[in-house]
Every structure is written in C-alpha cells, then in structure tokens.
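Encoded as structure tokens, the following chain is the form predicted alone, with no partner shown.
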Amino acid sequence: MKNRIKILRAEHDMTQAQLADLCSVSRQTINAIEKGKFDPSLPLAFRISGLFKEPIEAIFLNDQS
C-alpha cells in the first residue's frame, strides 16, 4: 500500500526511530510500511493518523485500481 509517511516524517522533522517509539513498533516496521512492503494493522494506522493529525485516507493511499 502506498503511503505518505516518509513525507509526513520529514515535515515533522522526525526519524523512523522516533515514529517507531511513538507507535510502539520497531524502526524496521516503519521502514517496511514506508516502502510498501508491509501494511499496518488498523490500530497502528489510527495511531499514525493521530500523531500526524491527518485522516487515514490522506496517509495511506489505495494503489489498487
């Protein structure tokens, strides 16, 4: 699944490790999500959405047309 996490992290001057700590996951998990190799669970997606104060739909983009 495509997403805007890397862009949002840059806008908030945040590292993968910092986001991972805030979400209680590993940095590797954030890296895999950013690269589209792992789809986050719904609770994790809501956590990320809340941290960036963006709707889930604005962060995670459906790449299946």
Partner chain sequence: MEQKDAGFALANKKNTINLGLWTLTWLVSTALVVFGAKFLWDFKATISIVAILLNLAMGLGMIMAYKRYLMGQDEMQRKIQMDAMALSLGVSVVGGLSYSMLDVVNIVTFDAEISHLVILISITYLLAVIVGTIRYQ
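Everything quoted here is computed from the prediction, not taken from an experiment. Residue numbers count along the first chain shown, from 1.
What comes next is about the form predicted together with its partner chain, which does not appear here.
Legend entry - Contact test in the model of the complex: E54 vs its partner chain, heavy atoms, 4.5 Å: No - in the model of the complex, heavy atoms of E54 and its partner chain never come within 4.5 Å of each other.
Legend entry - Proximity of S24 to its partner chain in the model of the complex, heavy atoms at 4.5 Å: Because a heavy atom of S24 falls inside 4.5 Å of its partner chain in the model of the complex, the answer is yes.
Inset, instruction - May I ask you to check whether S41 falls inside a 4.5 Å heavy atom distance of its partner chain in the model of the complex? - result: Contact with its partner chain, yes.
Legend entry - in the model of the complex: members of 7-37 within 4.5 Å of its partner chain, any heavy atom: Counting only heavy atoms within 4.5 Å of its partner chain in the model of the complex, the contacting residues of 7-37 are D21, S24, V25, S26, Q28, T29, N31, A32, K35, K37.
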